[in-house]
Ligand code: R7I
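Only one chain is included here, represented as structure tokens and corresponding to the form predicted on its own.
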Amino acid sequence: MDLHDKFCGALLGTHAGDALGMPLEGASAASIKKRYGEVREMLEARLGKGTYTDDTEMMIALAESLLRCGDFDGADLANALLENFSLERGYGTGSKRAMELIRAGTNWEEVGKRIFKDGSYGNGSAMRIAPVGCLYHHDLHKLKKVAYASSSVTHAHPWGKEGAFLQALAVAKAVASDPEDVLDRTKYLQDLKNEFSADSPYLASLEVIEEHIQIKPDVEEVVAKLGNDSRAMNSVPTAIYAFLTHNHSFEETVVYAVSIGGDTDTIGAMAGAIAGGYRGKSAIPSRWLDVLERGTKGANYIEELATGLYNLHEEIVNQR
């Protein structure tokens, strides 16, 4: 397996899925189908065709922090999120409040706890987690620790942290799998399920995925059973379902993910991260890569971050 290609695929897959889904955000599956049939090309969006939202911007911040520190550092991640913060990227209420608290000097360990009464369980920490899934795919104990800690900076609710961990684990398992082999979807799902307790909403959703893989329901039933909104428990499993039912193709995974409607940019970004981690950058359609946002922190920079994470991963492994 070409791990470097997979790291690039996971990070650029986040960008590609984010960009494909951004113009559809908030639309229902039915309205998307009625207007477009299916979306296979990058559409014009509020920031231009191929541009990204807060999903990718926060992923960039997380990757930068990991590379700068060589590991997770909460204070540095908080600063990186603030340094990259661009309001026009479409941040949610909780994330905007987190940026205000960080700017005011609030300790990073307290920020996530102050946003809502019990912390946020939005998908903001899951959508940015691909760098963690790549860097620690060989060490799932470390991956869990970092996923939870990185989530707590902005999304401190247990369900928010569990969602970030589940997405990181889904990316890690994809990175560790050989795309030349037939993906054992039952084992993949069981590996995910083993990490969650009986009372976790994520375990229940993973069991729904297991059932849906066999019966192949229509999109409306997928939305009804798994969800498509910005809550982590109603979007992370949905992205995993999109991957598992279309893992033969990066393009088909992401096209299906954004067809589900709702929080399309984030579901697309998370599905793109998993599919890209599985099949690599080489599987992302060149016609999509060609129109992805360039500039100071565009697709070329994201690929540089992926290369840096790959090199850091090799250093970590060789030191063991």
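All residue numbers are counted from 1 along the displayed sequence. What you are looking at is a predicted structure, and each value in this text was computed from that prediction instead of being measured.
The protein also exists as the form predicted in complex with inosine diphosphate ribose; that form is not presented, and the subsequent description refers to it.
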Report summary line: Counting only non-hydrogen atoms, the one stretch of 290-298, 262-270, 32-40, 276-284 within 4.5 angstroms of inosine diphosphate ribose in the predicted complex is 262-270
Query raised in the report: Does any heavy atom of Gly90 come within 4.5 Å of a heavy atom of inosine diphosphate ribose in the predicted complex?
Result: yes
Query raised in the report: Taking the shortest heavy atom distance, is Phe116 within 4.5 Å of inosine diphosphate ribose in the predicted complex?
Result: yes
Query - Gly112 within 4.5 Å of inosine diphosphate ribose in the predicted complex, heavy atoms - result: no
**Report entry** is_contact(Tyr241, inosine diphosphate ribose) in the predicted complex, heavy atom dist at most 4.5 Å
**Finding:** no
Requested in this report: Verify the flagged residues Glu25, Asp54 and Ser120 against inosine diphosphate ribose in the predicted complex: is each one within 4.5 Å by a non-hydrogen atom?
Outcome: yes
Requested in this report: Report the residue, out of His212, His246, Lys193, Arg231, that has at least one non-hydrogen atom within 4.5 angstroms of inosine diphosphate ribose in the predicted complex.
Outcome: Arg231
Query raised in the report: Between the options Val132, Leu166, Leu81, Met127, which residue brings a heavy atom to within 4.5 Å of inosine diphosphate ribose in the predicted complex?
Result: Met127
